[in-house]
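The chain below stands alone, shown as structure tokens; this is the form predicted alone.
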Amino acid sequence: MSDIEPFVVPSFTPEQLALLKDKLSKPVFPNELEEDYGWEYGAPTWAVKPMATEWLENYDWEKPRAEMNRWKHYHTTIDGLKMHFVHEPSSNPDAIPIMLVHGWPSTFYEFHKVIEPLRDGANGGQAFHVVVPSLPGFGFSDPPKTRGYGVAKMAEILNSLMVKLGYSQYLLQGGDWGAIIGKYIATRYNTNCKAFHTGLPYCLPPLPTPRNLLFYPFKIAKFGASLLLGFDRVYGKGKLILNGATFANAELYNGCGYRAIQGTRPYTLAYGLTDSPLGLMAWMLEKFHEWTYHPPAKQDIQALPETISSEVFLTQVTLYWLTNTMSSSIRIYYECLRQKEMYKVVFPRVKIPVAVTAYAHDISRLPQDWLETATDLYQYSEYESGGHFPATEESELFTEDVQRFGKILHDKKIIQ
């Protein structure tokens, strides 16, 4: 552990701040249709303009920077890359290790509301030794300089980080890429990763495999009936949402257009997202709007849900801008697609304890039946709010759910 070095989240240099202000003060907005079609064509100008003004005139990086620097940040070198991570050990003797893994377009800051409650065992719940890494190429972690840094490579790095910190057994919590990488870790590194908590499970349906025929014949029959009668009629309305089932086929799911371009031409896209803070912010705003829970009456008229402030959103955007890592972050889509890694993620059964949360507006959802055949499901929770960024949107629900699972793991001595 001798190469683990303390790190402080930096301020903008005067030159960086001047450049950002200059670019934001001279925006060139795209032309749009005369009629307002909401978010159907992507992020509309009526949503982007006020956010750009907020970023230019009111946003102060020093406020969230001070919040971030309450936590202990470090750099360490793994596989030749300088990896950034937050490490907040708990003083509670019953604490167990947890690694919180973000996705795209997010950063370690996604967990800013839950780091301390999880560390301290809020409300008498389970306490954790909290580790929050920045994925390679995201935020304050080095961008990879060679190709191949997809799911498998990042999984190896993250597991190595936990072992390097002395955590030979740990719980992994992840959403988005954190869920994809997390499942890979759960199935390939289960000597160390002893449990997996996610809101975005990836698994096969109850197919007639020998194991399923032996243990779950009714679930196989139910799945067969759903193919004939429809998923909603068999499993219940909204219990199966497969928006993530196609990686880049926009004809099947028009919300995956970003995956198509990021997965095939990340270099070309990166010029606009790297040189233009306006373009970067709009590209991210679409996802922070589309993937979060809004009350139905406000879905089309507000940019962000009330659970995510403009300051929190702009902090995420600023982290990408300050570190110039949008270009490197989107390359994970290319690497995953090129290496056909989703097959390696979806197919294996998870044999360690699993907890799944189904928030109201995440990008996909699987029936509990599927999870029971494809994982060792210990805990399943459904919520009437929250979306793709639950640690930010619904931090108290998120914390309580993780603590409840953690208590089971502690009491059963699954993680010691």
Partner chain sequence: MSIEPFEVPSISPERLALLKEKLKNAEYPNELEKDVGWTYGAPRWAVEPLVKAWLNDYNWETARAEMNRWHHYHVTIQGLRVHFIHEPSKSPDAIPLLLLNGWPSNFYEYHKVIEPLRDGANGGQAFHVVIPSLPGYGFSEAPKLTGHNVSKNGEIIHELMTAIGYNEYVTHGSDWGSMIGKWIAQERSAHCKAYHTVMPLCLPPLPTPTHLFSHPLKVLKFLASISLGFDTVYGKGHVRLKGRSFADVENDREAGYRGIQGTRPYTLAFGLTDSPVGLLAWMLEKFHNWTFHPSGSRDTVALPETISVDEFLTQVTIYWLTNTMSSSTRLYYEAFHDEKGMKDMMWNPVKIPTGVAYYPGEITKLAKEWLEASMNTVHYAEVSVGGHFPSLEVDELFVDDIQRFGKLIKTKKYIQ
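Residue numbers count along the first chain shown, from 1. Because the structure is a prediction, the values reported are computed rather than measured.
Absent from the display: the form predicted in complex with its partner chain. The rest refers to it.
Using a 4.5 angstroms limit between non-hydrogen atoms, residue 232 is distant from its partner chain in the model of the complex.
Put simply, residue 217 is far from its partner chain in the model of the complex: not one heavy atom of it is within 4.5 Å. Its partner chain is not shown here, and in the model of the complex it never comes within 4.5 Å of any heavy atom of residue 191. Although the partner is absent from this view, residue 257 contacts its partner chain in the model of the complex, with a non-hydrogen atom inside 4.5 angstroms.
With the partner omitted here, the stretch from 191-199, 282-290, 88-96, 233-241 that lies within 4.5 Å of its partner chain by heavy atoms in the model of the complex is 282-290. By the 4.5 Å heavy atom rule, the three marked residues 7, 131 and 413 all fail to count as contacting its partner chain in the model of the complex. Put simply, of 225, 248, 304, 346 only one has a heavy atom within 4.5 Å of its partner chain in the model of the complex, and it is 248. Residues 144, 145, 146, 147, 148 of 144-162 are found to place at least one heavy atom within 4.5 Å of its partner chain in the model of the complex.
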